[in-house]
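The chain below stands alone, shown as structure tokens; this is the form predicted alone.
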């Protein structure tokens, strides 16, 4: 029983390291779930632990990967001698056609054992899901599986061609997931579960580095905009209510205390006039920082009701206002970046970012957008491609605005390296490292004016 308890606490610790909020109560509930469900049915155990440890569906993919490490399907390699590649493909095609999950799990283990090993030591130095899938190429079985399903069911159980293809792709993707889980399990047996859980498991979308997020991860991030905006709006509304109470008016408090013998029983507060602040965003949409800018623009658009006015400007080496284009971002968030780059004037004679020119253009053409109630956010990595950073323009914007914040998606250790002008800009305005959606949410909640 001690070994099972160690696995439960290890699972909870690994999830906690990836940002899932798990306290003592959830861990105790997980132990009770294991006691009630037993270990015989692995999938039932998976669902029980997910129900006790998770707080939302967005954490499920992370949980499944970590669960496979601490409660693996098996130990060591498969008992069967792996067949050759074509034999594996034949059996995989049959399993996909029949949607046989148990057989797909066994084939994933065989595939990793036979095709995924690398290194020269006895057995293998390690196992690679990428190498396994590259050699087996399950995605090329689509037409073959489709024909098999048609032959078995006559008309494919009522599926149209497109629906059937989508279903087969889903099964292939499930097999790919099983291969990844098997490869991680085999590596974890050699290097230790805790290390692989920390380093080898894909993090949740809100912890993915903006600069290294792929297309699917960015799309997943965009789907989190609405719930994150609701959470931030609630926090901002609470801050605004607290701020509206104002500070203590000492003179009126002392005057009021005369009726209680000079004891200030009821402090009198200075009432604040409710004034909604104005917000301006300056967004670098070039290269790898474009995903960061797109996500932040969508988030601010979702928070639009919290401000008196929001204006958004995008730039590469030219700057253009995109506030109107952003209004349509809620209907098509994945296409926001492409629409901005297609319809706004963002580049001149070259396509590289030029902060000096863009910031100067903003100060000259749109200086009226900034006033004493305006908070300005600049989004970008501050890499100038060795051009003039135009510090004078930043100084002028900072003079006009209430506050200016710069959110930089690069690690702080890289500021000032190569063509980065981050330290020079940071001397003029407040600059913050902002690499993930989780960091962005925390910064927005803390920095946005009330």
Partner chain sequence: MFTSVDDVSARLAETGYLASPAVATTVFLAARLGKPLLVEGPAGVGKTELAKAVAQVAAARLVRLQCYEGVDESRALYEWNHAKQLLRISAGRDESWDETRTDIFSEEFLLPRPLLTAIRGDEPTVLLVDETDKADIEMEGLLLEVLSDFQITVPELGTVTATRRPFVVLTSNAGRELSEALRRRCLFLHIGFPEEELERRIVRLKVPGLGQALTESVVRVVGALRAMDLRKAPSVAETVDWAHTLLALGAGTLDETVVRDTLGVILKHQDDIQKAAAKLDLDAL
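Since the model is a prediction, treat every value here as computed from it, not as a measurement. Numbering follows the first chain given and starts at 1. Definition used throughout: the rigid core is the maximal C-alpha set that superposes within 1.5 Å between two forms.
The same protein also has a form predicted together with its partner chain, omitted here; what follows describes it.
Just one of 361, 113, 320, 167 comes within 4.5 Å of its partner chain in the predicted bound form, counting any heavy atom, and that one is 167. Screening 239, 207, 231, 339 for any heavy atom within 4.5 Å of its partner chain in the predicted bound form leaves a single hit, 231. Contact check for residue 64: every heavy atom lies farther than 4.5 Å from its partner chain in the predicted bound form. Among heavy atoms of residue 26, some come within 4.5 Å of its partner chain in the predicted bound form.
At a distance threshold of 4.5 angstroms between non-hydrogen atoms, residue 36 is in contact with its partner chain in the predicted bound form. The closest heavy atom approach of residue 48 to its partner chain in the predicted bound form falls within 4.5 Å. Exactly one of the stretches 231 to 239, 288 to 296, 304 to 312, 190 to 198 approaches its partner chain in the predicted bound form with heavy atoms within 4.5 Å, and it is 231 to 239. Of all the residues from 48 to 65, those having a non-hydrogen atom no more than 4.5 Å from its partner chain in the predicted bound form are 48, 51, 52, 54, 55, 56, 57. In this overlay on the rigid core, residue 169 has a C-alpha that sits 2 Å or more away from its partner position between the shown form and the other one. The Cα shift for residue 423 between the shown form and the other one, taken after rigid core superposition, is smaller than 2 angstroms.
In this overlay on the rigid core, residue 342 has a C-alpha that sits less than 2 Å away from its partner position between the shown form and the other one.
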